[in-house]
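In C-alpha cells, one chain follows: the form predicted alone.
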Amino acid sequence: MKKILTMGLASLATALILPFAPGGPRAEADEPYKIGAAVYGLKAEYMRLWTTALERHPDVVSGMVDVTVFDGRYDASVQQSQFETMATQGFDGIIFVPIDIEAGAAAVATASMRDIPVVGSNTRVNSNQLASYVGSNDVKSGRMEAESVLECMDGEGNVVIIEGPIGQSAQIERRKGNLEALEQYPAVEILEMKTANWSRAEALALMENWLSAYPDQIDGVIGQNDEMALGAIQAIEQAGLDVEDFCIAGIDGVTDAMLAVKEDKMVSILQDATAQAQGALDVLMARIVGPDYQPKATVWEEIPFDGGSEAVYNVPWVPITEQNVDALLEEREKLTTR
C-alpha cells in the first residue's frame, strides 16, 4: 500500500496491518515494516515512475512493508519537516531523494538521532550518516549526453545548457559531465547556461527567450533532464523552426522523450527508476532486518548486492536507441499500467 503526503507535518493515516513472515525479529511480528520515502517532488514523470516502482516492490505488495511517500514539493524545508514527522512517528527506515545536496544533511541527522537508517536514491546528499546510496552516476550521464550533442554538431558551433535545480546533486554532477565533454571541443561555445528546475514549462519559456536573443545561432541544446529538452523542442516548433536543425539531448528516458527519440528529434539516456527505487528498498531492508533478508529487485542481476553493505550502488545507464526504444516503451507501459 502507499500513502502520499504533501504537507510537511501532516498526520499519517492509520496503516492497514497485514500479516507477513518477517525476515528478522520485531517487537510485534504481525506488523509491517514502516518505511518512508521522502522524494523531492512529484510533478514530473520520472519521480512518479520511481514512486510507482517502489510501490510495486514485492515486499510492499505482500504487506511485509508499508510505504508512505512524502512529496517534498521541491523545498528543502518541507523535506526537513517530513523527516521530523517520520522520526516522531517511529518509522523503521527512510529512503531519501533530496532536493538539495547540502541542506538534506540536516534531515539525515534528524533520522540518525532516532537511530532510523536512511538510504539515498536518485539524488545525493553530503552526509556521512547515510547508510547507503542507490542511484546512477550523474557525471557520466552529463558527459554522455553532451558528447552526443557535440558529435551531432561535428564538434563546432554554439550550445545552450538547461540545468536542473541549482544545488541538487544531479544538477551539480551533470553540469560537471557536460563541461568535461565540452572541454574536448574548443570550437564549441556555450551561449547560455541557466536552470529550468526540471520543468518542461520553464524550459519552454527559457528556450523562447534564447531563440529571440540568439537568432540562427543555437546549434545544440543540452538539457540536464528530458522534461527540459522536451520544453526546448516545443519552443523550437512553436517558433516555426525545424527541430532537425538542432542537436538536442536529455536524460531520464521519460515516455515522451522515448517517443521523441523514435521521431529522431532528440537523444536520451534511460535512468532506471525501477532499479533505483526497488534497489534502495532492498538495501534499506537489509540494514533493518539483517543478513537473513533476501533482496527482490532485478537490478541485482546486473550488479552485486553484497548483503546491502556497500556505501554506493551505481545503477547502469541505458542509452536509448532506435534498436531498443520499442522494447523500452513496452517495459514502460507495464510500469504505468495499473
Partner chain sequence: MPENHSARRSEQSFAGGRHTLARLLSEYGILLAFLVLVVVLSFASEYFLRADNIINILRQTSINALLAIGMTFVILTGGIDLSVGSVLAFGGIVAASLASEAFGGGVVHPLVALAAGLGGGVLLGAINGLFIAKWRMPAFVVTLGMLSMGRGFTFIYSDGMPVPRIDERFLVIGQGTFLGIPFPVLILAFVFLVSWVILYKTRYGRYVYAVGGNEKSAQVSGVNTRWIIFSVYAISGFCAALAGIILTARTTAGLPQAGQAYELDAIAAVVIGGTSLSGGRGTLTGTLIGALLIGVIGNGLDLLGVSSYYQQVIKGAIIIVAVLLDSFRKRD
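Residue numbers count along the first chain shown, from 1. Note that the structure is predicted; figures quoted are calculated from it, not measured. Superpose the two forms; the largest set of C-alphas matching within 1.5 Å is the rigid core.
There is another form of the same protein, the form predicted in complex with its partner chain; it is not shown, and what comes next is about it.
Checked against its partner chain in the predicted bound form, the residues T88, Q129, N209, N126 give one hit for a heavy atom within 4.5 Å, which is N209. Of the listed positions (Q238, N158, Q184, S77), a single one reaches within 4.5 angstroms of its partner chain by any non-hydrogen atom in the predicted bound form, namely Q238. Taking non-hydrogen atoms only, S81 never approaches its partner chain to within 4.5 angstroms in the predicted bound form. Remark: E45 counts among the residues lining its partner chain in the predicted bound form, judged by a heavy atom distance of 4.5 Å or less. Though the partner is left out of this view, L49 does reach within 4.5 Å of its partner chain in the predicted bound form, counting heavy atoms only. Its partner chain in the predicted bound form is approached by A213, whose closest heavy atom lies within 4.5 angstroms of it.
Taken together, the three residues E192, L204 and D256 all lie with some non-hydrogen atom within 4.5 angstroms of its partner chain in the predicted bound form.
Shown alone, this chain has one stretch from 243-251, 256-264, 90-98, 106-114 that lies within 4.5 Å of its partner chain in the predicted bound form by heavy atoms: 256-264. After superposing the rigid core, the C-alpha of L211 moves by 2 Å or more between the shown form and the other one.
With the core held fixed between the shown form and the other one, V160 has its Cα displaced by at least 2 Å.
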